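First comes one chain, alone, set out as structure tokens in the form predicted alone.
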């Protein structure tokens, strides 16, 4: 006889039990007897940040926090009011966790060395883009938060030196998507898990474990307004894709575009341009964490023809070109770059 779990009147079995993000983190921690719980506390702080930011998004128009400020960030980009609010929320949530040595934000010129009166280990660095796609805010478009967690190198001579690590060194990466629902996608190097916030109970619930990206998908995501300044290889790829029935989907937010590709398949492109020959997206805050997620889901991520996660960053706010998504679709792009 097959051992079948008991089934309730609703048709659910005990294998369908609800799992919160916190429960998932604790269950993963139990696999490592040497774990101190520090890493779990950091993920808990990021989940708290996501809840607070999601709440600010829902009330943004009512509380008049849409629109831009009269200031630019370190990238020379005009800051949105919610950029600053989200950045402050993340800094405040992470600043209370004893396991955090350094925090670095896309919005700030320099990383912050966390210093508290009490001692204790501070073995991790947390990097983040507080609000990816913030130009979408005024039109109620989708935005997100991207984060990367690195192990702190105590031998480093400065906070900057400690975080200039290859993407292969990431201990974890993830993103929060603020759209029709609030989604938290996480990898700690053993696959990808997806959670959705249930606002009625204030918890992120596991909705899919071991997320796998489709091997192919006839969709590409790129800002075609810059097409004339793309290198010829990318233009050849777009000619090929359009002649082979591919569809274009581009939202102006990397998180939203990559999330769709993660679930449906396709490829996300941000090529170099004449204006930004190194690329536009930030390697440490955006490209590395998203590349780790895509690879953990079975996809590929390259910069030119080189694996993104093998690229050594040389500056805190270094920009990089990227292509990531379904393995077959990334191969199609690379084939046209030769």
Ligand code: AHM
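None of the values given here were measured: they were computed from a predicted structure. Numbering follows the first chain given and starts at 1.
Note that the form predicted together with this ligand isn't included here; everything after this is about it.
Of the listed positions (233, 179, 252, 95), a single one reaches within 4.5 angstroms of this ligand by any non-hydrogen atom in the predicted complex, namely 252. Checked against this ligand in the predicted complex, the residues 168, 223, 112, 208 give one hit for a heavy atom within 4.5 Å, which is 223.
Interface membership of residue 56, defined by any non-hydrogen atom within 4.5 Å of this ligand in the predicted complex, is ruled out. Within this chain, residue 282 lines the site of this ligand in the predicted complex, having a heavy atom no more than 4.5 Å away. Not displayed here, this ligand is kept clear of residue 145 by more than 4.5 Å at the level of heavy atoms in the predicted complex. This ligand is not shown here, but in the predicted complex it comes within 4.5 Å of a heavy atom of residue 270. Residues with any non-hydrogen atom within 4.5 angstroms of this ligand in the predicted complex fall in just one of 194-202, 259-267, 125-133, 157-165: 125-133.
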